[in-house]
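For reference, the chain that follows is the form predicted alone, supplied as structure tokens.
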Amino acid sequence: MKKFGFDFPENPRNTILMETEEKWYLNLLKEKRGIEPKPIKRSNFGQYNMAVNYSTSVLEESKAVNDIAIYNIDHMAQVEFTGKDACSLLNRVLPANIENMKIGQCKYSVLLTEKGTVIDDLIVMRRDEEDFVIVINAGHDITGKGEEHGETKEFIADADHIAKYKKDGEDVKIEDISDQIVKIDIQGRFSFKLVKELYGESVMKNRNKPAKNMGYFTFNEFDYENEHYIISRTGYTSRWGFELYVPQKVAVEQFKRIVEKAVDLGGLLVGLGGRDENRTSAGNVGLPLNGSEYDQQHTFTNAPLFAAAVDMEKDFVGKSEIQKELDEGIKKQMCLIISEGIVVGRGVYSLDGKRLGTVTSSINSPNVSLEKRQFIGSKRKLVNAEDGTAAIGLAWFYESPYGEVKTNVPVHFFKEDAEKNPKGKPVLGFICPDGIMPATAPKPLKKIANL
């Protein structure tokens, strides 16, 4: 069988925009903001050499999305499925109903093992009756053996996993088109203004009703200076925003135009740190991250996006295990937490010492209100300052921590020994049912069209 995934790289890959970040963006910050260039902090993310933050701090970059934030998303991959049986294959594998997708629609879904555990989460875009593009996470374009976190693993690309379910004789062509496209995300309330000034308001119109703006979870295709672009509106930060798929040969030029306009509007280029805060602070429950909240050891029933990703009325890979779990009754729940410090990997305990669950993500945030920070009951000055910070995160609980009324639930976060016994002093915090920042992504674009 043909292999679609790339071999495991000897060294982390560089994005097309990395040199521009290093040599151009840092100088732009100095010129526009008087910020002296500092070495960009980088990390291996999905076998890509990605910026954690730039000359500005993670906290500063985390706040940018409230106005305008730009993200280099060239580490994510795009795989195209074409042919008369492409829809049937994707619908047979993925939990979302692909058959009922309209042309121009985006749909969130997950790729599952036969056991119902999560391989990856992804976005599907339907370009035509027989043409689909799936947008997948970094590192999920690799097939082969490689070392990750000091451990040798066998990787299989999403495309190769899906291809396993292709039937003999089916007309499906699978192609990784990532080398043709660079994904640049534009998020925040000034995103409409930026796109309008650089590409024209028409690119954000509803393809079926041109008098209206494009809807949530839709995409458009347009030509600009003789090059073909895709613009989608899925808002993974839960703020207003767009995702721009730029032809690779003009990506550096367009990236500079986009970032410079954003900086002029008070925004920043945001690295992985700020992006992590932005997805955790998104809406009432935050947005789970594959590899942290989702993995191949656990199902994702009772995760915030389960209903969006899964149609239990159809068949899909892993359905029987998911159905079994649903039939038995689900007690586990993923919840948003707020704490006086970072608590990733710690156990969550009730105030009377009962172990409730485990923290899967945690990061400091400048977006937590003073009222929420004061509820922690912390003695830390930074937590209680008017412009202070607290850590936010997501945790899996053995069962829902809420009663009939959803309210803040005070908890302790402990480090643990090998037997999961708490040790040391606890970090204070609580389980938060109403989130950090309001979800604006689904709201009509007319609310930001005249900013």
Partner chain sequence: MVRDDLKYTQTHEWVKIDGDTAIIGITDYAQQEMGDIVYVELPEVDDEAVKGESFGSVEAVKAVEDINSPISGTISEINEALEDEPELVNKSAYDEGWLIKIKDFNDEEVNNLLDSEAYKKLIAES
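Positions refer to the first chain, counted from 1. Model, not experiment: these values are computed from the prediction.
Omitted from view is the form predicted together with the partner chain, to which the following refers.
For the candidate spot formed by 58, 363 and 380, every residue has a non-hydrogen atom within 4.5 angstroms of the partner chain in the predicted complex. The stretch from 340 to 348, 86 to 94, 124 to 132, 294 to 302 that comes within 4.5 Å of the partner chain in the predicted complex, counting heavy atoms only, is 340 to 348. Not displayed here, the partner chain is approached by residue 276 to within 4.5 Å at the level of heavy atoms in the predicted complex. Contact annotation: residue 41 falls within 4.5 Å of the partner chain in the predicted complex, judged by heavy atom distances. Though the partner is left out of this view, residue 28 does not reach within 4.5 Å of the partner chain in the predicted complex, counting heavy atoms only. At the 4.5 Å threshold, heavy atoms of residue 409 stay clear of the partner chain in the predicted complex, well away from it.
Contact residues in stretch 413 to 432 (any heavy atom within 4.5 Å of the partner chain, taken in the predicted complex) are 415, 425.
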